[in-house]
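So this first bit is one chain, no partners, the form predicted on its own, shown in structure tokens.
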């Protein structure tokens, strides 16, 4: 594919999304390091349970909703403009979505900072905070729906003008993520609109906890794949080219994107294995569906591995693994892809314990769970966000880095930090250390041995903080670099497809299959709350000190 410049007046729109995403990210990693210091027992300044849970809520809200949503939206606009080589269907709508999210972020974070919404980003009913926190998050979600509409609209217009041609792979993955996000947000939107907001307004004095947890479980797992899909798109459409080669199979990429959408949604109940509201049959069903998520991941590892092996052997690599050493690891996208795969492997292993109906009870609600999702999110997802930013930013501002050394240092710092942070958490989880606890009494001989592990983990957190701040510094200093080539080039397949089946060039069949799977997985588990069971609990107002 020929290179495409970021034009069509989209540059400022994309930079606005990335700029706010990374600015809030910088705040969140500072809060994260402080939280780990509190848990280590070293008593940093401002230590109190109230400050700790306000900080955890702010950290989770930024990392769960604000940063990745803005990043994915900016990423989507960039891919739409450069891969389709045409302007967005309506830039004004894109800006409206952005400003709705800005208003939502301010509205949500103000009560958090005031200590009026310490409910964590997972809400935890019957805890109930300020209504402005929930309304702010609704605005964030509604703003992101503008992006969904624009991505689907852009692809539809392109297909009308290019009948029979395969949608560029990067855009196909991008629209797959838009549909995934549309399905994903349905659960949390229902919980906010019909339970959390009425409770926070005082319209009801009780809340059905079982229903709330089930609706959130609908969102809780697929939201991870919404965060992860830009990384997968980069694996397929950027990493092979960055290495100097071609993509082994375009069709495998399309299949993987569709399977990620299908298999990531009807699986959230593996977060509810210990909840009594649901029967063992549905829990077992969703455990089996969760196992299928490994299929597109394994397809991706095979395809990208094959793509890289070809490059490595062309560069002189010999033997069974000699091609790995021959790869150009000095290039940030290649290095980030390798690090992301390794961290995805560690995180995926931890996830197999979480999804196991039998073994989940062993690590339920312990630091093991915290370690797993930080490895997946901080390790495989954010590492690729860094690499994508290093790829896109020079195209957006027309400047290239003065040197690649600080970029490679930053990627290594972050990867080492995430390992040093999360591996002790796995150990502590096996010893039963609970998560979501501000402080521990390490004078108690029964848990005194936990403290050295928490201190090691805290050191990892500060290494991550150094890596995160160096990332921001690298982007800022990039403006001092020489002029850059503003053309965006995506990887070309070894055998570029001329035609592909309609099921791999659109989403009609995928959405029908998804509707069937969601009805099968959630039809009865949600319907029972309206026809059979009811679990009301008195609400607990954290904003009123109740």
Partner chain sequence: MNEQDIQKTERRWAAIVIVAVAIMLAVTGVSSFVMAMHPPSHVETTDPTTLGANKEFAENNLGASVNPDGSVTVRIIAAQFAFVPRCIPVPQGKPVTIRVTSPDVIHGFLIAGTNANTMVVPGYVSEIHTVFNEAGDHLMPCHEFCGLGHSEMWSLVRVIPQSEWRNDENGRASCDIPR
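Positions refer to the first chain, counted from 1. Keep in mind that this is a model prediction, so the values were computed, not measured.
One more form of this protein, predicted together with its partner chain, exists but is not displayed; see below.
Of the residues 408, 165, 435, 86, just one reaches its partner chain in the predicted complex with a heavy atom at 4.5 Å or closer; this is 435. When its partner chain is considered in the predicted complex, only one residue from 26, 520, 513, 494 comes within 4.5 Å through any heavy atom, namely 494. Using a 4.5 angstroms limit between non-hydrogen atoms, residue 210 touches its partner chain in the predicted complex.
At least one heavy atom of residue 49 is located within 4.5 Å of its partner chain in the predicted complex.
For residue 143, no non-hydrogen atom is located within 4.5 Å of its partner chain in the predicted complex, even though that partner is not displayed. Not displayed here, its partner chain is kept clear of residue 340 by more than 4.5 Å at the level of heavy atoms in the predicted complex. Residues within 4.5 angstroms of its partner chain in the predicted complex, judged by any non-hydrogen atom, belong to 120-128 and to none of the other stretches in 224-232, 167-175, 182-190, 120-128.
Residues of 280-302 lying near its partner chain in the predicted complex, listed in sequence order, are 280, 283, 284, 287, 288, 291, 292, 294, 295, 298, 299, 302, the criterion being any heavy atom within 4.5 Å.
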